[in-house]
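The chain below stands alone and is given in structure tokens; this is the form predicted alone.
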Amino acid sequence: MDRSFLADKDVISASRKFVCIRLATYENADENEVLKGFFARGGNLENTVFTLLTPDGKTKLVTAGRSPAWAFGGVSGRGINAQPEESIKKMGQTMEAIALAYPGKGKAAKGSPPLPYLADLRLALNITAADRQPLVVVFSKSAEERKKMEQELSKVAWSDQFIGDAQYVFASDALEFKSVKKFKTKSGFIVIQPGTFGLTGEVIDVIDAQLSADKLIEPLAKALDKHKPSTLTYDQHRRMGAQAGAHWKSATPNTDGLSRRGGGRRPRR
């Protein structure tokens, strides 16, 4: 997905008026079918899909494609006529106009929204590596303790200081951490540095599970500051991954590029 669009401050500001949904391609068969309904050349789901929808989730309000550039123009995808800065500005303006057209009904719920959990720890390591962000795991074998931890962490995660700075997942079984170095079977907010290729991770810090939101702020900020994002370019990442034999096995078949390569051939790994 095109970070130049999604990292723009005006786009981020406009996004707070939307319900933003991130589906992990090839990780859920039902979600794959939803994505194919929006964009699938030759009937094949591609690796990334972007569009904006009406509140019922059925009608596309902009051109669907592999990235925002397909809808707003830019340096990738189908639209190459507009300048990137103009395209990004157009995205923010379009989102603001859509938000005015669909203002929503009723009042917002009180309190902080739930944590934006990723599906599971294995997938979370891969996504955070790709997004070059740290991962915070709410870990406890007790569902009751996890609920209390989530309530406190959500107050912090959605604050202006932390919003967008990390991603989140919960875990209840120590076996889920089999690919994470320096893990100890202790409940807590576990901050992880994802491995370069998203297959492994390493614990940066473990924060006391009993801390209230106001006591969480300082240790969480210090832990997130220890994260060191990858500086590899896309080509360097692909080359080094191939040399290392790194391979992500998705839950459903990867069909990216099948239509463009003639349909019958298997995608390259």
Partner chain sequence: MTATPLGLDKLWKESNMERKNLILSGILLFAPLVFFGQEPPPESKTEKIAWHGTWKGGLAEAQRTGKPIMLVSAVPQCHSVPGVW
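Computed from a predicted structure; not experimentally measured. Note that the rigid core is defined as the largest set of C-alphas that superpose within 1.5 Å between two forms. Residue numbers count along the first chain shown, from 1.
Not on display, but discussed next: the form predicted together with the partner chain.
The three marked residues, 26, 38 and 52, each reach the partner chain in the model of the complex, with a heavy atom inside 4.5 Å. Taking 221, 61, 213, 203 one by one, only a single residue has any non-hydrogen atom within 4.5 Å of the partner chain in the model of the complex, and it is 61.
With the partner omitted here, the residue from 131, 86, 176, 145 that has a non-hydrogen atom within 4.5 angstroms of the partner chain in the model of the complex is 131.
In the model of the complex, the partner chain lies within 4.5 Å of some heavy atom of residue 34. In the model of the complex, residue 43 stays away from the partner chain, with no heavy atom inside 4.5 Å. The closest non-hydrogen atom of residue 154 lies beyond 4.5 Å of the partner chain in the model of the complex.
At a distance threshold of 4.5 angstroms between non-hydrogen atoms, residue 187 is out of contact with the partner chain in the model of the complex. Shown without its partner, the chain has 16, 17, 18, 19, 20, 21, 22, 23, 24, 25, 26, 31, 34, 35, 38, 47, 48 in segment 16-48 as residues with a non-hydrogen atom within 4.5 angstroms of the partner chain in the model of the complex. Relative to the superposed core, residue 162 undergoes a Cα shift smaller than 2 Å between the shown form and the other one. After superposing the rigid core, the C-alpha of residue 203 moves by less than 2 Å between the shown form and the other one. Once both forms are fitted on their core, the CA shift for residue 117 between the shown form and the other one remains under 2 Å.
Whereas the shown form places them at one spacing, the Cα atoms of residue 107 and residue 156 lie at least 3 Å closer in the model of the complex. Relative to the displayed conformation, the Cα-Cα distance from residue 106 to residue 156 shrinks by 3 Å or more in the model of the complex.
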